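As a starting point, one isolated chain is supplied in C-alpha coordinates, in the form predicted alone.
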Amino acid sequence: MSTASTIPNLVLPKTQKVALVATAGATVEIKDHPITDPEDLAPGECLLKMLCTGVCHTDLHAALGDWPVKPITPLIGGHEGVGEIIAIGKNTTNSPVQLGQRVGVKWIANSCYNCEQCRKGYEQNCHNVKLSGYTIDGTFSHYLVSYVHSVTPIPDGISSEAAASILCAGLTVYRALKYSETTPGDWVVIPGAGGGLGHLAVQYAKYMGRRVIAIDGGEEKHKLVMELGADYWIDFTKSKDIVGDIKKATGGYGAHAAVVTTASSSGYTQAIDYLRENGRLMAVGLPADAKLDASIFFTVFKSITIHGSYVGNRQDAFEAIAIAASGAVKCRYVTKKLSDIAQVYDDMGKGKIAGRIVLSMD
(Lines give C-alpha, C1' and ligand atoms only; values in the text may rest on other atoms or scores of the structure.)
Protein backbone atom coordinates (compact mmCIF):
# COMPACT_ATOMS: atom_id res chain seq x y z
CA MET A 1 0.00 0.00 0.00
CA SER A 2 1.41 3.41 -1.00
CA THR A 3 1.97 5.95 1.76
CA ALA A 4 2.76 9.63 1.78
CA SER A 5 6.40 10.68 1.51
CA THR A 6 7.53 12.64 4.55
CA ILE A 7 10.73 14.14 5.86
CA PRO A 8 12.55 11.73 8.24
CA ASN A 9 11.24 11.46 11.80
CA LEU A 10 8.33 13.79 11.12
CA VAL A 11 6.18 14.32 14.22
CA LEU A 12 3.27 16.72 13.88
CA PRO A 13 1.12 18.29 16.59
CA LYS A 14 -2.62 17.71 16.29
CA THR A 15 -3.54 21.38 16.04
CA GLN A 16 -2.07 24.69 14.94
CA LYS A 17 -2.76 28.40 15.28
CA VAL A 18 -4.47 30.08 12.32
CA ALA A 19 -5.92 33.52 11.61
CA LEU A 20 -9.58 32.88 10.86
CA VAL A 21 -12.57 35.00 9.84
CA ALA A 22 -15.77 33.17 10.81
CA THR A 23 -18.12 35.15 8.54
CA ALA A 24 -17.66 38.00 6.08
CA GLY A 25 -17.05 41.24 7.96
CA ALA A 26 -16.26 39.53 11.27
CA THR A 27 -13.10 40.36 13.20
CA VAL A 28 -10.13 38.16 12.34
CA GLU A 29 -9.20 35.93 15.29
CA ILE A 30 -6.39 33.52 16.18
CA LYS A 31 -7.89 30.06 16.57
CA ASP A 32 -6.80 26.45 17.02
CA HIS A 33 -7.26 24.41 13.84
CA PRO A 34 -6.53 20.79 12.89
CA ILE A 35 -3.39 19.89 10.90
CA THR A 36 -3.91 17.60 7.90
CA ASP A 37 -2.39 14.16 8.39
CA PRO A 38 0.14 13.43 5.60
CA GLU A 39 -1.68 10.15 4.93
CA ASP A 40 -4.77 12.16 4.00
CA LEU A 41 -2.98 14.10 1.27
CA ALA A 42 -4.32 13.44 -2.22
CA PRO A 43 -1.97 12.71 -5.14
CA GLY A 44 -0.33 15.98 -6.17
CA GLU A 45 -0.83 17.59 -2.79
CA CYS A 46 1.94 18.56 -0.39
CA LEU A 47 2.04 19.66 3.23
CA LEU A 48 4.07 22.75 4.05
CA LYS A 49 5.48 23.94 7.34
CA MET A 50 5.05 27.66 6.89
CA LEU A 51 7.94 30.02 7.60
CA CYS A 52 6.22 33.34 6.93
CA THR A 53 3.45 35.00 4.97
CA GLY A 54 2.89 38.41 3.50
CA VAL A 55 -0.29 40.40 4.10
CA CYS A 56 -1.96 41.82 1.00
CA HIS A 57 -4.82 44.30 0.63
CA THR A 58 -6.72 41.43 -0.99
CA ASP A 59 -6.67 39.64 2.38
CA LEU A 60 -8.50 42.59 3.91
CA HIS A 61 -11.11 42.52 1.12
CA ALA A 62 -11.51 38.77 1.72
CA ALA A 63 -12.10 39.34 5.42
CA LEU A 64 -14.62 42.10 4.72
CA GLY A 65 -16.31 40.13 1.93
CA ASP A 66 -16.77 43.38 0.00
CA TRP A 67 -15.83 42.19 -3.49
CA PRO A 68 -18.47 41.09 -6.03
CA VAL A 69 -16.96 37.57 -5.99
CA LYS A 70 -17.50 36.34 -2.44
CA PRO A 71 -15.02 34.26 -0.41
CA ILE A 72 -15.75 30.99 1.32
CA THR A 73 -16.22 31.27 5.09
CA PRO A 74 -15.06 30.37 7.66
CA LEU A 75 -11.88 31.63 6.04
CA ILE A 76 -8.18 31.18 6.79
CA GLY A 77 -6.76 34.09 4.81
CA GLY A 78 -3.39 34.72 3.22
CA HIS A 79 -1.83 33.98 -0.16
CA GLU A 80 1.80 35.12 -0.01
CA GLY A 81 3.35 32.28 1.96
CA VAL A 82 6.76 30.64 2.03
CA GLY A 83 7.20 27.24 3.62
CA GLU A 84 9.14 23.99 3.56
CA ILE A 85 7.68 20.83 2.06
CA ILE A 86 7.43 18.24 4.81
CA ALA A 87 5.16 15.70 3.09
CA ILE A 88 3.97 14.78 -0.42
CA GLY A 89 0.77 12.86 -1.06
CA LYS A 90 0.92 9.18 -1.92
CA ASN A 91 0.85 8.21 -5.62
CA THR A 92 2.15 11.65 -6.64
CA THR A 93 4.04 11.32 -9.94
CA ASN A 94 6.51 13.63 -11.67
CA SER A 95 6.66 16.09 -8.80
CA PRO A 96 8.75 19.13 -9.78
CA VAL A 97 9.49 19.85 -6.09
CA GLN A 98 11.02 17.71 -3.35
CA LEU A 99 10.80 17.10 0.37
CA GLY A 100 12.64 19.76 2.34
CA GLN A 101 12.46 22.27 -0.50
CA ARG A 102 11.52 25.89 0.20
CA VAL A 103 8.55 26.93 -1.93
CA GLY A 104 6.03 29.72 -2.21
CA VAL A 105 2.23 29.68 -2.21
CA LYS A 106 0.46 32.22 -4.40
CA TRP A 107 -3.07 33.60 -4.89
CA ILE A 108 -3.56 30.97 -7.60
CA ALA A 109 -3.27 27.87 -5.41
CA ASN A 110 -4.05 25.48 -8.26
CA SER A 111 -5.79 25.27 -11.64
CA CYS A 112 -6.90 22.44 -13.90
CA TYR A 113 -4.12 22.96 -16.52
CA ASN A 114 -6.39 21.48 -19.19
CA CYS A 115 -9.03 24.09 -20.04
CA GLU A 116 -8.66 26.69 -22.79
CA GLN A 117 -7.51 29.41 -20.38
CA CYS A 118 -4.89 27.18 -18.76
CA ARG A 119 -3.59 25.96 -22.13
CA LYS A 120 -3.13 29.57 -23.23
CA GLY A 121 -1.20 30.44 -20.07
CA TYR A 122 -4.06 32.21 -18.31
CA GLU A 123 -4.20 29.90 -15.30
CA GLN A 124 -5.59 32.72 -13.20
CA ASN A 125 -8.74 32.68 -15.36
CA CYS A 126 -9.34 28.93 -15.08
CA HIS A 127 -13.00 28.25 -14.28
CA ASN A 128 -11.92 25.64 -11.72
CA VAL A 129 -9.19 27.75 -10.13
CA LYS A 130 -8.50 27.41 -6.41
CA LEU A 131 -7.66 30.72 -4.68
CA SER A 132 -5.48 30.72 -1.56
CA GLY A 133 -7.16 32.41 1.37
CA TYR A 134 -10.36 32.94 -0.61
CA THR A 135 -11.85 29.68 -1.83
CA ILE A 136 -9.48 27.35 0.07
CA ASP A 137 -7.46 27.70 3.26
CA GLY A 138 -4.65 30.24 3.00
CA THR A 139 -1.24 31.00 4.39
CA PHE A 140 -2.19 32.55 7.75
CA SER A 141 -1.39 29.21 9.35
CA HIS A 142 1.55 27.18 10.60
CA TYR A 143 0.85 24.21 8.31
CA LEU A 144 -0.81 24.30 4.90
CA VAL A 145 -1.87 21.85 2.19
CA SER A 146 -0.77 23.00 -1.27
CA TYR A 147 -0.04 21.52 -4.72
CA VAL A 148 3.31 20.29 -6.07
CA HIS A 149 2.66 21.54 -9.60
CA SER A 150 1.62 25.04 -8.49
CA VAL A 151 4.00 26.04 -5.71
CA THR A 152 6.93 28.23 -6.75
CA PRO A 153 10.48 27.11 -5.83
CA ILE A 154 12.29 29.84 -3.90
CA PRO A 155 15.90 30.16 -5.10
CA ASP A 156 18.92 30.86 -2.95
CA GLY A 157 19.81 34.52 -2.65
CA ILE A 158 16.49 35.75 -1.32
CA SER A 159 15.11 35.43 2.19
CA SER A 160 11.75 33.84 2.84
CA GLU A 161 10.42 37.17 4.14
CA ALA A 162 11.56 39.07 1.05
CA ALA A 163 10.19 36.38 -1.27
CA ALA A 164 6.75 36.30 0.36
CA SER A 165 5.45 39.56 -1.07
CA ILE A 166 6.98 38.89 -4.48
CA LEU A 167 4.62 35.92 -4.77
CA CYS A 168 1.62 38.23 -5.14
CA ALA A 169 2.48 41.93 -5.13
CA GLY A 170 5.69 41.49 -7.11
CA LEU A 171 4.21 38.94 -9.50
CA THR A 172 1.17 41.13 -10.15
CA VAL A 173 3.04 44.31 -11.03
CA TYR A 174 5.74 42.43 -12.95
CA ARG A 175 3.13 40.88 -15.24
CA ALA A 176 1.35 44.22 -15.71
CA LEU A 177 4.61 45.84 -16.82
CA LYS A 178 5.51 42.82 -18.96
CA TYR A 179 2.25 43.14 -20.89
CA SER A 180 2.17 46.95 -21.01
CA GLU A 181 3.84 46.99 -24.47
CA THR A 182 6.29 49.63 -23.28
CA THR A 183 9.97 49.72 -24.21
CA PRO A 184 13.10 51.01 -22.46
CA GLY A 185 12.95 54.77 -22.00
CA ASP A 186 9.14 54.90 -22.02
CA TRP A 187 7.30 56.76 -19.28
CA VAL A 188 5.19 54.70 -16.86
CA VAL A 189 2.90 56.32 -14.29
CA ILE A 190 2.39 54.37 -11.05
CA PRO A 191 -0.49 55.65 -8.90
CA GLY A 192 -0.05 54.22 -5.40
CA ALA A 193 3.71 54.05 -5.91
CA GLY A 194 4.56 54.08 -2.20
CA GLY A 195 2.31 51.18 -1.29
CA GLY A 196 2.83 47.45 -1.17
CA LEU A 197 2.38 46.84 -4.89
CA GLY A 198 3.56 50.25 -5.99
CA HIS A 199 7.02 50.23 -4.44
CA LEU A 200 7.70 46.92 -6.19
CA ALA A 201 6.29 48.26 -9.47
CA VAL A 202 8.75 51.16 -9.32
CA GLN A 203 11.66 48.71 -9.04
CA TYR A 204 10.50 46.28 -11.73
CA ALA A 205 9.88 49.23 -14.07
CA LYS A 206 13.40 50.54 -13.48
CA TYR A 207 14.81 47.03 -13.98
CA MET A 208 13.07 47.02 -17.37
CA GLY A 209 14.55 50.41 -18.26
CA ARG A 210 11.34 52.45 -17.97
CA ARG A 211 11.14 55.99 -16.65
CA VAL A 212 8.80 56.21 -13.66
CA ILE A 213 6.38 58.89 -12.52
CA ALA A 214 5.39 57.98 -8.97
CA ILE A 215 2.08 59.22 -7.55
CA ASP A 216 1.24 58.93 -3.86
CA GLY A 217 0.84 61.09 -0.76
CA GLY A 218 3.09 62.05 2.10
CA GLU A 219 6.78 62.62 2.70
CA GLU A 220 7.48 59.05 3.86
CA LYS A 221 6.28 57.62 0.55
CA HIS A 222 8.03 60.41 -1.37
CA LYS A 223 11.34 59.45 0.22
CA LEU A 224 10.73 55.73 -0.38
CA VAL A 225 9.95 55.93 -4.10
CA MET A 226 12.83 58.28 -4.85
CA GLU A 227 15.23 55.92 -3.06
CA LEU A 228 13.90 53.14 -5.27
CA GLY A 229 14.70 55.06 -8.46
CA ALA A 230 11.55 56.94 -9.43
CA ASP A 231 12.30 59.71 -11.94
CA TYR A 232 9.48 62.08 -10.96
CA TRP A 233 7.24 62.45 -7.91
CA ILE A 234 3.71 63.81 -7.66
CA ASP A 235 2.01 64.20 -4.28
CA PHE A 236 -1.70 63.83 -5.00
CA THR A 237 -2.53 65.63 -1.74
CA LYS A 238 -0.72 68.75 -2.93
CA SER A 239 -0.90 68.76 -6.73
CA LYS A 240 -3.53 71.04 -8.22
CA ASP A 241 -3.20 69.51 -11.70
CA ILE A 242 -1.98 65.93 -11.84
CA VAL A 243 -2.59 65.64 -15.59
CA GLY A 244 -0.65 68.85 -16.19
CA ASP A 245 2.20 67.68 -13.94
CA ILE A 246 2.51 64.42 -15.87
CA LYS A 247 2.49 66.15 -19.22
CA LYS A 248 5.13 68.58 -18.00
CA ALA A 249 7.36 65.69 -16.90
CA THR A 250 6.99 63.97 -20.28
CA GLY A 251 7.64 66.94 -22.54
CA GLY A 252 3.96 67.64 -23.11
CA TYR A 253 3.06 64.28 -24.64
CA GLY A 254 1.88 62.27 -21.64
CA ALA A 255 2.89 58.84 -20.40
CA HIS A 256 3.17 55.67 -22.46
CA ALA A 257 1.46 53.57 -19.78
CA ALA A 258 -0.13 53.68 -16.36
CA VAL A 259 0.09 50.75 -13.95
CA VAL A 260 -2.57 51.58 -11.37
CA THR A 261 -1.64 49.83 -8.14
CA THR A 262 -3.85 51.79 -5.75
CA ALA A 263 -7.06 50.22 -4.48
CA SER A 264 -8.80 53.59 -4.86
CA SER A 265 -10.89 54.44 -7.91
CA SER A 266 -9.24 57.87 -7.98
CA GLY A 267 -6.12 56.27 -9.46
CA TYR A 268 -8.05 55.45 -12.62
CA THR A 269 -10.11 58.53 -13.25
CA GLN A 270 -7.51 60.73 -14.97
CA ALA A 271 -5.48 58.09 -16.79
CA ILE A 272 -7.12 58.59 -20.18
CA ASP A 273 -6.25 62.30 -19.96
CA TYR A 274 -2.58 61.88 -19.08
CA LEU A 275 -1.78 58.94 -21.37
CA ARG A 276 -0.35 59.79 -24.78
CA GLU A 277 -1.65 58.34 -28.05
CA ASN A 278 -1.52 54.51 -28.08
CA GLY A 279 -1.02 54.54 -24.32
CA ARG A 280 -1.97 51.59 -22.17
CA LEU A 281 -3.93 51.68 -18.94
CA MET A 282 -2.98 48.59 -16.92
CA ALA A 283 -5.74 48.07 -14.36
CA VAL A 284 -4.27 46.26 -11.34
CA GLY A 285 -5.62 47.67 -8.06
CA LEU A 286 -9.09 46.44 -7.14
CA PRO A 287 -11.41 48.92 -5.42
CA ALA A 288 -14.25 47.13 -3.66
CA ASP A 289 -17.06 48.90 -5.49
CA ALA A 290 -16.12 51.33 -8.23
CA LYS A 291 -16.64 51.92 -11.93
CA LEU A 292 -14.06 52.82 -14.55
CA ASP A 293 -15.20 56.23 -15.79
CA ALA A 294 -13.38 56.85 -19.06
CA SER A 295 -14.14 59.10 -22.00
CA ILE A 296 -15.10 56.79 -24.84
CA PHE A 297 -14.31 59.51 -27.37
CA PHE A 298 -10.74 60.05 -26.21
CA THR A 299 -10.17 56.35 -25.57
CA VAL A 300 -10.93 55.77 -29.26
CA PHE A 301 -9.44 59.02 -30.58
CA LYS A 302 -6.12 58.41 -28.80
CA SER A 303 -6.13 54.64 -29.47
CA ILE A 304 -5.90 53.92 -25.75
CA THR A 305 -5.86 50.30 -24.58
CA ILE A 306 -7.44 49.42 -21.22
CA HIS A 307 -5.99 46.12 -20.04
CA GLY A 308 -7.16 44.29 -16.91
CA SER A 309 -4.07 42.58 -15.51
CA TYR A 310 -4.84 39.91 -12.91
CA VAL A 311 -1.92 38.40 -10.95
CA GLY A 312 0.16 36.10 -13.19
CA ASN A 313 0.83 32.54 -14.26
CA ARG A 314 3.49 30.09 -13.03
CA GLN A 315 6.09 31.31 -15.52
CA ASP A 316 5.53 34.93 -14.52
CA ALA A 317 6.12 33.88 -10.91
CA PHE A 318 9.42 32.16 -11.77
CA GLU A 319 10.58 35.30 -13.58
CA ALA A 320 9.48 37.74 -10.86
CA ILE A 321 11.18 35.69 -8.13
CA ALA A 322 14.37 35.30 -10.18
CA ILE A 323 14.65 39.07 -10.69
CA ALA A 324 14.19 39.67 -6.97
CA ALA A 325 16.70 36.94 -6.07
CA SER A 326 19.25 38.69 -8.31
CA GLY A 327 19.03 41.72 -6.02
CA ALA A 328 17.45 44.00 -8.63
CA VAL A 329 14.16 44.24 -6.71
CA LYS A 330 13.94 44.47 -2.94
CA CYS A 331 10.72 44.33 -0.97
CA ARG A 332 10.48 46.88 1.83
CA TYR A 333 8.70 45.10 4.64
CA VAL A 334 8.15 45.10 8.38
CA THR A 335 8.00 41.77 10.19
CA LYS A 336 5.23 41.10 12.69
CA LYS A 337 3.68 38.06 14.33
CA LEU A 338 0.63 36.13 13.18
CA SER A 339 -1.11 37.33 16.34
CA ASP A 340 -0.76 40.94 15.10
CA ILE A 341 -3.05 40.34 12.11
CA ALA A 342 -6.06 42.28 13.46
CA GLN A 343 -3.95 45.43 13.99
CA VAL A 344 -2.36 44.99 10.55
CA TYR A 345 -5.83 44.90 8.96
CA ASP A 346 -6.82 48.04 10.86
CA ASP A 347 -3.70 49.92 9.74
CA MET A 348 -4.14 48.70 6.17
CA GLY A 349 -7.74 49.88 6.05
CA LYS A 350 -6.61 53.33 7.21
CA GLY A 351 -3.81 53.53 4.61
CA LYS A 352 -1.07 53.68 7.25
CA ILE A 353 1.25 51.04 5.78
CA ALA A 354 4.17 51.91 3.48
CA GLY A 355 5.71 48.87 1.81
CA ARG A 356 4.60 45.43 3.01
CA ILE A 357 3.88 43.54 6.21
CA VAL A 358 5.24 40.01 6.60
CA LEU A 359 4.06 37.75 9.41
CA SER A 360 6.59 35.38 10.95
CA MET A 361 5.47 31.89 11.99
CA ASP A 362 8.24 31.51 14.60
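Given the structure is predicted, the values throughout are model-derived calculations rather than measurements. One rule holds for the numbers: they count along the sequence shown, beginning at 1.
The form predicted in complex with a small molecule is left out here; the points below concern that form.
Contact annotation for the candidate site: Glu123, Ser150 and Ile321 all lie away from the small molecule in the predicted bound form (no heavy atom within 4.5 Å). Residues within 4.5 angstroms of the small molecule in the predicted bound form, judged by any non-hydrogen atom, belong to 167-175 and to none of the other stretches in 246-254, 68-76, 86-94, 167-175.
The listed set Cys115, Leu286, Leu292, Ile136 contains one residue whose heavy atoms approach the small molecule in the predicted bound form to within 4.5 Å, identified as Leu286. Taking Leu281, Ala109, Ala263, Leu228 one by one, only a single residue has any non-hydrogen atom within 4.5 Å of the small molecule in the predicted bound form, and it is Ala263. Taking non-hydrogen atoms only, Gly104 never approaches the small molecule to within 4.5 angstroms in the predicted bound form. In the predicted bound form, the small molecule lies farther than 4.5 Å from every heavy atom of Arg332. In the predicted bound form, the small molecule sits beyond 4.5 Å of every heavy atom of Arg210. The small molecule in the predicted bound form is approached by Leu197, whose closest heavy atom lies within 4.5 angstroms of it.
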